[in-house]
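Consider the single chain below, provided in structure tokens and representing the form predicted on its own.
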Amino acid sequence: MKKRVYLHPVPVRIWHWVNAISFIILILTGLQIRFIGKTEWISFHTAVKIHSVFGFILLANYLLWFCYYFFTGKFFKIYIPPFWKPVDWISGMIRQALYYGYGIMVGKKNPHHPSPEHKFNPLQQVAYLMIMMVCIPLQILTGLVLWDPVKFAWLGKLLGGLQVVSLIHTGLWVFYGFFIFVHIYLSTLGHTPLAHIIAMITGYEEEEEEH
């Protein structure tokens, strides 16, 4: 028998889908900008305009995420791993890694049971903390410098110069390209292939009740 857990409030679902669409469009337009002359499914100038618009949408969406999680106090409960309990934290990561690498293939149950205050397993906590607090801010800051190198010259110097900024921005673009594929794969690992995806639409996750 399954119980329904309200895991994803409306602001989180809005943020997630705006983020997903923005990421995909930014990755595709970034491909056109980066490989100008080698690929041309849209013009370079159109790609730059679309890339800039969705870059600012991503910035606004990030601020929405930041305000929601910090002002509600959810950030520290959901995103911060229990560093103060190193044995429990490390053993939890090992159990989750063993599940992903082996257990799921032989029908083992997921060791993590999501709840509104503990949505992420130990591996997800570390990954999403780094993405939300390091990778996305870096992508936004470097994107601002590349969008207007004159206006944001001070920021470019702070980050190590235009070449370093471009390298960081492109490196993160490659990272997000791989991340999208991994994220889609992991989203199919619920009790049905679409369970996690439906949960991000309805807000409710279904989970087996323990007896």
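Numbering starts at 1 and runs along the sequence shown. Only a predicted model underlies this, so the values are computations on that prediction, with no experimental measurement involved.
There is another form of the same protein, the form predicted in complex with a small molecule; it is not shown, and what comes next is about it.
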Notebook entry, point to check: Since the chain is shown here on its own, which stretch among 105-113, 118-126, 91-99, 137-145 would lie within 4.5 Å of the small molecule in the predicted complex, judged by heavy atoms?
Noted result: 118-126
Note to self: Each of Arg34, Ala153 and His169 having a non-hydrogen atom within 4.5 Å of the small molecule in the predicted complex: is that the case here?
What the structure shows: no
Notebook entry, point to check: Would Ile24 count as touching the small molecule in the predicted complex under a 4.5 Å heavy atom rule?
Noted result: yes
Check: Wondering, does His191 line up within 4.5 Å of the small molecule in the predicted complex on heavy atoms?
Finding: no
Margin query: Is Lys157 part of the interface with the small molecule in the predicted complex - any heavy atom within 4.5 Å?
Written below: no
Check: So in the predicted complex, does any heavy atom of Tyr69 sit within 4.5 Å of the small molecule?
Finding: yes
Item checked: Sole residue of Val48, Ile42, Val164, Ile184 within 4.5 Å of the small molecule in the predicted complex, by heavy atom -> Ile184
Next item on the list: Please pick, from Leu63, Val174, Ile57, Ile180, the one residue with any non-hydrogen atom lying within 4.5 angstroms of the small molecule in the predicted complex.
Entry: Ile180
